[in-house]
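Before any questions on how it binds or moves, here is one chain, the form predicted alone, in structure tokens.
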């Protein structure tokens, strides 16, 4: 059985987990809480990761790539919405810049790169010849295990942190503290 494509998807999981981990760490280092649009972008990254996760666990399928592409389009829309809110002259940006651009601008670029990469991957027919389908994680290579674990950890951390910030209600437009710590 050829596991190259599962491992390629696992690399994608690690990349998405790194993006989420950086956003997560930056939140604590700078003390800036993510706004609702930021949280929606994080959900977009997680949803793309879920499409890749299905490819790792269940085997590559066009439907899994389609799910990931739709998630990347939605995440890109959320990011573009936030960019459009802050390009108006006199409107302050949200958060500190990173290498000259704000996180929402980087998110838009990353979603565009993901859409392009996923669209290219979905057309590689050789990956669909692997008829093994579901493969337990314990039988998969270390890279696949690490990718799945990293995404699941980042998903859990972001769910817990979002609940700590917003609580059971609607998140504030410009959050200043954690709901759970009030």
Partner chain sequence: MMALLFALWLGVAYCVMSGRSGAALWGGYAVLLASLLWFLHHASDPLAILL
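Note that the structure is predicted; figures quoted are calculated from it, not measured. Residue numbers count along the first chain shown, from 1.
Heads up, the form predicted in complex with its partner chain isn't pictured, but that's what we're talking about next.
In the model of the complex, its partner chain sits within 4.5 Å of a heavy atom of residue 78.
Put simply, residue 171 is close to its partner chain in the model of the complex: some heavy atom of it is within 4.5 Å. In the model of the complex, residue 74 approaches its partner chain with a heavy atom inside 4.5 Å. Contact check for residue 146: every heavy atom lies farther than 4.5 Å from its partner chain in the model of the complex. When contacts are defined as a non-hydrogen atom within 4.5 Å, all of 64, 84 and 137 contact its partner chain in the model of the complex. Site annotation in the model of the complex: the residue of 39, 33, 115, 122 reaching within 4.5 Å of its partner chain with a heavy atom is 39.
This chain is displayed alone, yet in the model of the complex one of 142, 156, 29, 126 has a heavy atom within 4.5 Å of its partner chain; that residue is 156. Taking its partner chain as positioned in the model of the complex, the residues of 38-59 that bring a heavy atom within 4.5 Å of it are, in sequence order, 39, 40, 42, 43, 46, 47, 50, 53, 54, 57, 58.
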